[in-house]
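Form predicted on its own, single chain, as structure tokens, below.
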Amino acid sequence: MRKPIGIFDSGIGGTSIWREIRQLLPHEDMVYLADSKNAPYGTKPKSEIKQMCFANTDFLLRLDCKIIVVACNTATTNAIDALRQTYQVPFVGIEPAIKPAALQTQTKRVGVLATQGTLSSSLFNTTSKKFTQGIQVVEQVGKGLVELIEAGKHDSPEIRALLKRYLEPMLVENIDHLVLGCTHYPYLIPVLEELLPNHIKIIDSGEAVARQTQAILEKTDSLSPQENEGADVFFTTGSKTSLERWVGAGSEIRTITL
């Protein structure tokens, strides 16, 4: 059996990363773990986040995954260093795409919508300081957004009301780029495009993560043969219905306890 790519997230948000990897690497088998029982990670202390990331990694390694994609900004910014120090398998992390926003901004003002766990992490703050000299970064905690997306209410009056409130301070500051700092948030792009002026560019990290995954597999000579057709298996610690909404009816989804 071919070794799969392992992906984990605090819930369904990382399926936005899974889609990007599936599009770029159609020949790879993939295992996706949604720890929806513990979502959102962004409100939890760092020690608890690390504990959950270790449990997720142990599960994926039992399935012989050849690389693990930490498809969660909060998990990456709080735990990826510890994961890399503990396990031999290569890891791909995800963090808010501050660098491209900082390089492209004309107004010298960019917005970041993320979880509290990401915005308060040392990794995010180090990256932000490195690339945003002379640029104002308007940070906003997206409190309540993950829970609504997990419940399938990504286009609801409740989420629109929250987004309007969260975007207002950014618009006042004249941002021209909005960085999405949570893998759940790409599912809000249609609503965000309605609420934002046309000149504001929305940036997420999904495509970059897929390219990095491909680069590591190429470097380690671990890509699957191109004649293979990739298969997907999904696991969740929460509701199958919630995950099925985002990966499609008929997908192989199993409920587990970590």
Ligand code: DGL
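Note that the structure is a prediction, hence the values are computed from the model and not measured. For every residue, the number given is its place in the sequence shown, counted from 1.
Another form, the form predicted in complex with D-glutamic acid, is not on view; read the next lines as being about it.
Novice: Spot the stretch among 183 to 191, 155 to 163, 120 to 128, 133 to 141 with residues whose non-hydrogen atoms come within 4.5 Å of D-glutamic acid in the model of the complex.
Specialist: Single hit among the candidates: 183 to 191.
Novice: With the cut-off set at 4.5 Å between non-hydrogen atoms, does V146 touch D-glutamic acid in the model of the complex?
Specialist: Contact with D-glutamic acid, yes.
Novice: Among I7, N56 and T236, does every residue place a heavy atom within 4.5 Å of D-glutamic acid in the model of the complex?
Specialist: Checking in the model of the complex: none of I7, N56 and T236 is within 4.5 Å of D-glutamic acid.
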